[in-house]
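Starting off, we have a lone chain in the form predicted alone, written out as structure tokens.
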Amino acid sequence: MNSFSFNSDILHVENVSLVKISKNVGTPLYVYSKKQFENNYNLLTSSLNKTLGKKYDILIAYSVKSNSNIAVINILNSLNSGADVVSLGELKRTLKSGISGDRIVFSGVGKTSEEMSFALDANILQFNIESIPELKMLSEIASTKGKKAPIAIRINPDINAGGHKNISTGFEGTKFGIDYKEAQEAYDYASNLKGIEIVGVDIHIGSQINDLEPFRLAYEKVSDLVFSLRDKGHNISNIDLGGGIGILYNDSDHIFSLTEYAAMLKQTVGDLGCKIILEPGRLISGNAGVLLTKIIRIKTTNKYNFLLIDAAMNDFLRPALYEANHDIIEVIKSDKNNNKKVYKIAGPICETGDVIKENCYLTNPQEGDLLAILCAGAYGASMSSTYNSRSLIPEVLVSGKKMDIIRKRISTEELISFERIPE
């Protein structure tokens, strides 16, 4: 079910018109559907429960980096979600949103001593360890505090997966994890450290994966490793399988069903008797948001028809960073004819790469018209910046007929107030 639909030729989010939102808040801005977040989460959990049954202990640890607004995290908290965090800021956001430490896993290759200390005091469920030096630092901090740090070691299974090279994380040569061949040695080393309690195994092979086979290969390696580690006397009670399940960005995209994913999960790791941790991000937040923008001007050259819009790569980095291709539609449907032209949609940033979509087919767009960039709920606002001294744009959450601004527009004046000229 999609919470963004047309009513009387005007695009609505749930029961609120995007035209009305733009008049109240201005453009550009992100607009989210509470119902869509809930539907996406519930579809995943119901697919897992139906296939795996009640006997499996599963924690959905929402990947906070995909959309880190505290209102969004709070929606997931109300559904009993956990969280996967990768920084002190994300951990603080998650705790403020209501998710307790025992439902939080801390990932990331560069955890600092400050972050480790805070996470220990928050009694998080698990640290996902990415290197031996990180393990040593955590051991020292935990020992000083008189605590035991629960850890899983992130294993790199050398499997290439993901929709773009910049989001493929499980192959040799990335900065993530410890090589699969060195896993046994790493666990043996960890077992002799003070302040460390081994609880699990962790992997994450990439994002926007639309094929089951990379998951299957990785999970089979996890299963083999768990049995091997247990034979050596290590306690493995958790397996964190990461995230990475793709979504449909365009009609041409293809993706496996969640029922198929759940069946594969049961087949590969279902006999381990472990708590299963999953870290979905885009699967929950991706199609729950749009980026609402306005056409500033139309510019024609010898080869291209440009639509210059008020949203830019600082607001929405995915097309420039990942060559992501998002559908873009008119908020108010044009006349019924199909006489469409192709446009290159670009923002006002002073960079050639500030192109939101290379080829967009639209019917007679005009200056001032509203456009909606679809499936922008994941890695949109959370990756935005103030490049070119542009304001951080608002985020709006809609629930039924109710609209809430969950992040105000942060003006240039407010940003400058954090800076000073030395006397």
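So that there is no doubt, residue numbering starts at 1 and follows the sequence shown. Not measured: the values here are computed from a predicted model.
One more form of this protein, predicted together with a small molecule, exists but is not displayed; see below.
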(message) Counting any non-hydrogen atom inside 4.5 Å, which residue from 157, 150, 270, 281 sits next to the small molecule in the predicted complex?
(response) 281
(request) Heavy atom within 4.5 Å of the small molecule in the predicted complex: which of 142, 274, 119, 245 fits that? Just give me the one. (result) 245
(request) Considering the small molecule in the predicted complex, find the one stretch among 351 to 359, 394 to 402, 57 to 65, 41 to 49 with heavy atoms no farther than 4.5 Å from it. (result) 57 to 65
(message) Since the partner isn't included here, can you check whether the small molecule sits close to all of 84, 107 and 318 in the predicted complex (heavy atom within 4.5 Å for each)?
(response) yes
(request) Would you check, heavy atoms only and a 4.5 Å threshold, whether residue 322 touches the small molecule in the predicted complex? (result) yes
(request) Consider residue 383 of the chain shown here, and say whether it contacts the small molecule in the predicted complex, taking contact as heavy atoms within 4.5 Å. (result) yes
(request) With heavy atoms only and a cut-off of 4.5 Å, decide whether residue 207 touches the small molecule in the predicted complex. (result) yes
(message) Can you work out whether residue 32 and the small molecule are in contact in the predicted complex, taking contact to mean some heavy atom pair no more than 4.5 Å apart?
(response) no
